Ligand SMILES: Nc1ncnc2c1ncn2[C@@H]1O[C@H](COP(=O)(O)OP(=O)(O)OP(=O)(O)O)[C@@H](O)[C@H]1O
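Here we start with a single chain on its own, the form predicted on its own, put down as structure tokens.
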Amino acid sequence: MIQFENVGFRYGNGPDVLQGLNFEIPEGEFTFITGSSGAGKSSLLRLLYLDSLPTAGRISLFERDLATLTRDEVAWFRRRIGVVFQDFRLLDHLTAAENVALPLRVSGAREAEYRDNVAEMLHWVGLGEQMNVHPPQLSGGEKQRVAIARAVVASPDIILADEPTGSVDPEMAERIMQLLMEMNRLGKTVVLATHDIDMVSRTGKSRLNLKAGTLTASGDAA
């Protein structure tokens, strides 16, 4: 499903942020991207979400070379990917429920079709009482949970999560991980960037480790 072939990436004329990445993530896999701050984890996820194209090498997603996609195809691919960004990217003029519903609205679903699903997801992440609250009135951890609900509500083929448990307490972090693991059990491919090696070890899932933009280790998390 995901294939990197000698992939490199840099911002503008700056130094390489990623270089020489070669790996595959099969369909239905749960894979952690580990590494310290600045190792390139967020940049790798940015490439997977089609925010940018690599400056070297080739990325294939759903058996397509991303460099060959038309603008319409990029939009269609993105609808198959749920993303949790570190900066959340919530729309302040929409309520928590309306933010979560965005992927469903974009896909053409009617409110009557998704209202219950949106409510269920917000209850799952502990925000059932804040459905009608706007993001400026939410804490950082609450915004993160809205972003997680939005990422999974449309049951995308791929879920990308950048430090999804970084701003929540241990109990909620465990709940979020249970949600992502359940999505994986349903056949979804999950790619989760984290610096929490203990969490990786507890799951027993595979990982790719980055150091200064290069792949230094892969395999079992243990």
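All values derive from a computational prediction rather than experimental measurement. Note that residue numbering follows the sequence shown and begins at 1.
One more form of this protein should be noted, the form predicted together with this ligand, which is absent from this view; the next part is about it.
Among heavy atoms of His195, some come within 4.5 Å of this ligand in the predicted bound form. Contact annotation: Ala39 falls within 4.5 Å of this ligand in the predicted bound form, judged by heavy atom distances. Proximity of Lys188 to this ligand in the predicted bound form falls outside the 4.5 Å heavy atom cutoff. Interface residue remark: Met199 is not counted as part of the site for this ligand in the predicted bound form, having no heavy atom within 4.5 Å. Contact with this ligand in the predicted bound form, judged as any non-hydrogen atom within 4.5 angstroms, is confined among 149-157, 171-179, 42-50, 23-31 to 42-50. Heavy atoms closer than or equal to 4.5 Å to this ligand in the predicted bound form belong, across 72-92, to one residue only: Gln86.
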